[in-house]
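Below you'll find only one chain, the form predicted alone, shown as structure tokens.
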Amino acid sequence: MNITAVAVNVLASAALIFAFTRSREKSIKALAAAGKMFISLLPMLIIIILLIGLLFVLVPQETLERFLGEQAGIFGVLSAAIVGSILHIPALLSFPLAASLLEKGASVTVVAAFLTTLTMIGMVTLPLEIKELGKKFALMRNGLSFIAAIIIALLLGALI
């Protein structure tokens, strides 16, 4: 087992025990809320796992490396950034996908662009953002976030 996974689980267990010692009722309510959230995320998690599996079975590794690897260059970074901007999945679910992409030959730069845009840009939620914050602000925030995500990915790629 991975040492990080063990450490996270030990820390979470210790926090749960501490929470129960402080307030049993609040801890039970928090666990119930977490359970409901998990159940609501479960269908999306299953779909993402299936899509990742299909992607890796149907698309040869050489093709993934050509479009998402080091040789993909700025095209791969921009493609990943656009996909990340459009997708609406929780960041927590995107990390296993990112790890799978890295294992299959995607470059760190491409994966960084994907993850950064996924968390910073919300094309799916843009209409709500426009309604609540105004069109100019929402478009400027998303546009600047896209540029920042590309810069972050390129800098990360250069450093690694």
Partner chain sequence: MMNNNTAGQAAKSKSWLRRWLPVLITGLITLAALQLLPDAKSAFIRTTTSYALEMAVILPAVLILMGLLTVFISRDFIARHLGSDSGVRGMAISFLLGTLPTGPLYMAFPLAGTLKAKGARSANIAIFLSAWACIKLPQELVEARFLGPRFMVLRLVFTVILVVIIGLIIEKAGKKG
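All of these numbers come straight from a predicted model, not from anything done at the bench. Residue numbers count along the first chain shown, from 1.
This protein has a second form, the form predicted in complex with the partner chain, left out of what is shown; the following refers to that one.
So in the predicted complex, does Val111 come within 4.5 Å of the partner chain, heavy atom to heavy atom?
The answer is yes: Val111 has a heavy atom within 4.5 Å of the partner chain.
If we define contact as a non-hydrogen atom of the residue within 4.5 angstroms of the partner, is Pro43 a contact of the partner chain in the predicted complex?
Heavy-atom contact with the partner chain at 4.5 Å: present for Pro43.
Within a 4.5 Å heavy atom cut-off, is Leu133 in contact with the partner chain in the predicted complex?
Because a heavy atom of Leu133 falls inside 4.5 Å of the partner chain in the predicted complex, the answer is yes.
Taking heavy atoms only, is Glu103 within 4.5 angstroms of the partner chain in the predicted complex?
Glu103 belongs to the contact set for the partner chain.
Only counting heavy atoms and a 4.5 Å limit, does any residue of 77 to 101 reach the partner chain in the predicted complex, and if so which ones?
Read in sequence order, the residues that approach the partner chain (within 4.5 Å, in the predicted complex) are Ala91, Leu92, Leu93, Phe95, Pro96, Ala98, Ala99, Ser100.
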